[in-house]
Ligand code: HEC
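Just one chain follows, in the form predicted alone, and it is written as structure tokens.
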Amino acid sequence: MKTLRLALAALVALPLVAAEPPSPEALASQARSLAGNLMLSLQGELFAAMKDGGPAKAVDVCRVRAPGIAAATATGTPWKIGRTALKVRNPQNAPDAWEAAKLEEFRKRLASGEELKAIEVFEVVQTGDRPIFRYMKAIGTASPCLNCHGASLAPEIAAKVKELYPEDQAVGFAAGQLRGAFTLSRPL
């Protein structure tokens, strides 16, 4: 019993050491991996939908499945994951001030010759009284995207988009342009 009391006393005397938060680079690596997983899952569902039902089915995937895929990707993690753009289809995906500034930065980086697939940004920002780690990864416009986001949509796709998203702005893109970004954040 005396040994147990001495052991407990020794434990109580130990200083409490707060765990160091992960470095920004480690957090960026986590975010990059999650964004990659989201992109692969979303692309897989979009390509399957295009094969099974064409672009109209792909609109449904983006509308119905994409939020669920993002939520599933974040499950079990402290991350909040989404998509945003300067020209949004769904107003709920509109960028906040930080995201809008970073999207403008992405456009400039692309225009100056940086490779689209390499464009990302991360930083710790103060939100109220707590630090938040934020990460964004550019989403490019690939040829299949043009079916629903290009300059000229098939009439049935244009009608469906207008029906589902009366305030749609996410058209007029060409292959290789910045379409938007994956956006991830987590409290520190």
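Quantities reported herein were computed from a predicted structural model and do not represent experimental measurements. Each residue number is its position in the shown sequence, starting from 1.
Here the subject shifts to the form predicted together with the ligand, a form of this protein not shown in this document.
When the ligand is considered in the predicted bound form, residue 88 lines it closely, a heavy atom lying within 4.5 Å. Contact check for residue 44: every heavy atom lies farther than 4.5 Å from the ligand in the predicted bound form. At a distance threshold of 4.5 angstroms between non-hydrogen atoms, residue 102 is out of contact with the ligand in the predicted bound form.
None of the heavy atoms of residue 131 is located within 4.5 Å of the ligand in the predicted bound form. Judged against the ligand in the predicted bound form with a 4.5 angstroms heavy atom cut-off, the residues 55, 145 and 165 are in contact without exception.
For the options 70, 119, 28, 62, the one in contact with the ligand in the predicted bound form, meaning a heavy atom within 4.5 Å, is 62.
Contact residues in stretch 94 to 119 (any heavy atom within 4.5 Å of the ligand, taken in the predicted bound form) are absent; none meets the cut-off.
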